[in-house]
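Just the one chain here, the form predicted alone, laid out as C-alpha cells.
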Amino acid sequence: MARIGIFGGSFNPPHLGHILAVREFREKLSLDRILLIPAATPPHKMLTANSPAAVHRLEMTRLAAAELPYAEVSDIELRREGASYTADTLDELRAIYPEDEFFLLMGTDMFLSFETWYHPERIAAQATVAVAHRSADNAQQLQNCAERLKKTLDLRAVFVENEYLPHSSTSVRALLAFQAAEDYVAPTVMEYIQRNDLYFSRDDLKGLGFDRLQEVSLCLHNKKRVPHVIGCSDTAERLALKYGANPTDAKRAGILHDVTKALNGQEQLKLCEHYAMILSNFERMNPKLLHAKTGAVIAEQIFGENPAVCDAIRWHTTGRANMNVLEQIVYLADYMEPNRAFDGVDELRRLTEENLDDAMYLGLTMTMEQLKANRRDIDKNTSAALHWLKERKQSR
C-alpha cells in the first residue's frame, strides 16, 4: 500500500514555495508519491483577469516539478467540467488507487475553512488531511479546529511544521509584472512565462490609458484590497477637482498607491534590492512601510508615471514635511475613502472637505497615537510632517 500525497491548487503560477512545500511534505510524511493537481475552476476563489489558460498552468506545473522523481502532475481536474471540487477528485483517484492511503496536503488557511468546502464529509472519509504550518502560526487555533473537525466529520488531521517559502501566487504574479521574479520561480518556468508572454512579464506597461492602467494594476492585488484601491482613486480625483490639483494625476496615483501591497516584508526588501533602492535602518526594520516607496519606484519604472504621481505614492503612508496639495490629497484619500471604517473616520472626512491641513493634522495625530499605543516605532517623516503642520496652523 503506497502513501500518496495530493496537492491541489490553481498553480497560478507554480513557484518555489510550492516546490519546497512538496519536498517537506514528502520527507516528513514518508510519502511514496505526490500528485500535483492544477484546478480548472477553483471553487474557493476566482482566477485573476490576467490568469493564463489551464493548458499553460498545467505545463508550468510540469516544468516546476520536473526534478522531483516522486512527483506526478495530473490533469484530472482539467479534464472534468465545472468547478474543481476536491471531493469529486478523491472519488476519481480512489477508483485508480483503491488500496493506497491518501494524504490531502494543504496550508493553514485552507484547513481553517475546511467546513465550508463542498462535501467535506466525503473528503474526510477518503483522506488524512496534512496541514503545513509555520512555527509562528496560532497552534491553539489549529488544534481547536482539528478537534472540532474530528467530532463533526471524523476527520484525521496531521500537522507538519514546514518552513516553506512564504510566497503567495498573488505576490509572485506581481513580481513577474515588476520584472523582479527571478528568485521566485524555477528558470524553466520563467522561460516558459516569458516565451508565452504571461503575467505582463514582457508587456510595455508605460503610458497606459487610465482604464487599461486600472485593469492591469488591479490584477496585482489581493482581491480584498481592490475596493479600497478603487475608492482611493475616485476620492483622490474628487478632492483634486475641489482643491485645484491635477485630477488625472490624483486618479492615477490613487489606483497605483498600493500596487506593491501584496508583497510581504521579505519580498519588499527583495524588490528594493532588485531596483537598487537605498534604505534606512528604520525602513529595513519596518518593511511593511516599504510598499509606499516600492510602489513609487514601480509607478516610475514599470508604468512610466510622472514625478508628481510617484511622489504622491511615495508619501501616502508616512507623510512628510512640506507636502504639496496632491500629496496631501492622496494621503487623505487612502486614509478615509468610503470603504474605510474606524473610530474618527467621519471627523476626518468632515475636515477633509473643509481644510486639507486640518485633516492632515488629525490623520497624522491619530496615526502617531495608534503607533504609540501599539509600542511601534514612528517614522521620522511622520513626526516631521506633524511638526510642519503645527507651525502652519500657528501661523494662520
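Bear in mind that the values here come from a model prediction, so they are computed numbers and not experimental data. Residue numbers here begin at 1 and follow the sequence given.
Same protein, other form: the form predicted in complex with a small molecule, not shown, and the subject of what follows.
- Contact with the small molecule in the predicted complex, judged by any heavy atom within 4.5 Å, is made by just one of 28, 350, 340, 33: 340.
- 286 is the sole member of 144, 196, 179, 286 with a non-hydrogen atom lying within 4.5 angstroms of the small molecule in the predicted complex.
- Shown here without its partner, the chain carries 6, 56 and 59, none of which come within 4.5 Å of the small molecule in the predicted complex through any heavy atom.
- When contacts are judged by a 4.5 Å heavy atom cut-off, residue 384 does not count as touching the small molecule in the predicted complex.
- Residue 316 belongs to the set of residues with a heavy atom inside 4.5 Å of the small molecule in the predicted complex.
- Put simply, residue 237 is far from the small molecule in the predicted complex: not one heavy atom of it is within 4.5 Å.
- Although the partner is absent here, residue 225 sits close enough that one of its heavy atoms falls within 4.5 Å of the small molecule in the predicted complex.
- The stretch that touches the small molecule in the predicted complex, counting heavy atoms within 4.5 Å, is 253 to 261, out of 253 to 261, 78 to 86, 214 to 222, 123 to 131.
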